[in-house]
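The chain below stands alone and is given in structure tokens; this is the form predicted on its own.
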């Protein structure tokens, strides 16, 4: 009888301990080494900017497809933490050290902003989960502009750089500025003499249409409706090859105009520092499934995005290489930290 009671007590103790371990692993990053991970509560996805922009749209569409397809059964909620060109949101996620239920969407500003000295957190400070899409830049002018292609524009900029003003919605040294600098430099324009103005209040397109600036550096998707309406024309895009889709397929690349350079606006997801490998493996698999789904293919088509899946390891290597190029270019134009 004593032996039977002792066995029962030990068994109960083992079950209690196993239950505690299970609770801890699901609440934290994962579990024991070699274990698996499943989300145990709502997954918080941060868009480090206001509503309506690229980060916000990507985060919300990804969360929607995950939910509607059941690829991830746990709820995903998107929150906006705007400010500092993304730095406010990055600082928030950095503070969720080890959590497997927090992530954020990012793109090249995650490199530009810290390299400009405006954030203490860069891509190396987070856990890369997966890249999901590629977006590209477009250089647009008013429909009645004297320039018909990039070579016309860059020829004038080589002769008289002060005569051309470029506008974008990002800060100097960030996305819209640097994608233009990268292509213009490859065309032979002195990158230190490019006149760039920032219209972060949303007035960039208006300033092109009223003639107060000359060139709008923006995302490809932001030009389609204005081209369709006959208000602007796109001189070139930063993709390696022509894009598919109505209107988009009409936009010539810089490469096909003899300019041997491209620029990809990669967009993907990162977790906090020290996320457990089991959680990373889980999210990599889920993002891959999302990327390959018909539902997300429709999302890409809608916004003019291209497929560009990379798992965490590929992503990290890609980002390290990109950072070296970006850092050199920022230093050349005097905006490096």
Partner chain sequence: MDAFQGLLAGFQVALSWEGILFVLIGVVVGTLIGMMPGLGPISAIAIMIPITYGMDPAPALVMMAGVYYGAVFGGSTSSILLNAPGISGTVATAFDGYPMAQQGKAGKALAIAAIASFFGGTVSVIMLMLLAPALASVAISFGPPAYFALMLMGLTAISSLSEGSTIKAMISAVAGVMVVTIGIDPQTGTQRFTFGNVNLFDGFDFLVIALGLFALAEVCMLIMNRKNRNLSDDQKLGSLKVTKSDLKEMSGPMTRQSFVGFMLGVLPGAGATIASFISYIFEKKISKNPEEFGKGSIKGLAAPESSNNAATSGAFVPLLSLGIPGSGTTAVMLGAFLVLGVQPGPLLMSDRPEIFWGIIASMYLGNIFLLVLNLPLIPYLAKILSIPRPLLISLVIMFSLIGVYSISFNTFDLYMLLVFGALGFAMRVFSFPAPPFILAFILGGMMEQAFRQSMTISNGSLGIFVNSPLPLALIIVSLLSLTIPAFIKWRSRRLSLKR
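Note that the coordinates shown come from a computational prediction; the quantities given were computed from them, not determined experimentally. Residue numbers count along the first chain shown, from 1.
The same protein also exists as the form predicted in complex with the partner chain; that form is not shown, yet it is the one meant from here on.
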Triple contact flag 84, 213 and 302 to the partner chain in the model of the complex, non-hydrogen atom at 4.5 angstroms: yes
Interface residue in the model of the complex among 259, 171, 72, 248, criterion: non-hydrogen atom within 4.5 angstroms of the partner chain: 171
One residue of 226, 253, 107, 142 in contact with the partner chain, assessed in the model of the complex (non-hydrogen atom, 4.5 angstroms): 226
Options 94-102, 259-267, 151-159, 227-235; stretch whose heavy atom lies within 4.5 Å of the partner chain in the model of the complex: 227-235
4.5 Å heavy atom contact, residue 199 and the partner chain in the model of the complex: yes
Heavy atom of residue 117 within 4.5 Å of the partner chain in the model of the complex: yes
Contact flag, residue 187 vs the partner chain in the model of the complex, heavy atom cut 4.5 Å: no
Residue 286 within 4.5 Å of the partner chain in the model of the complex, heavy atoms: no
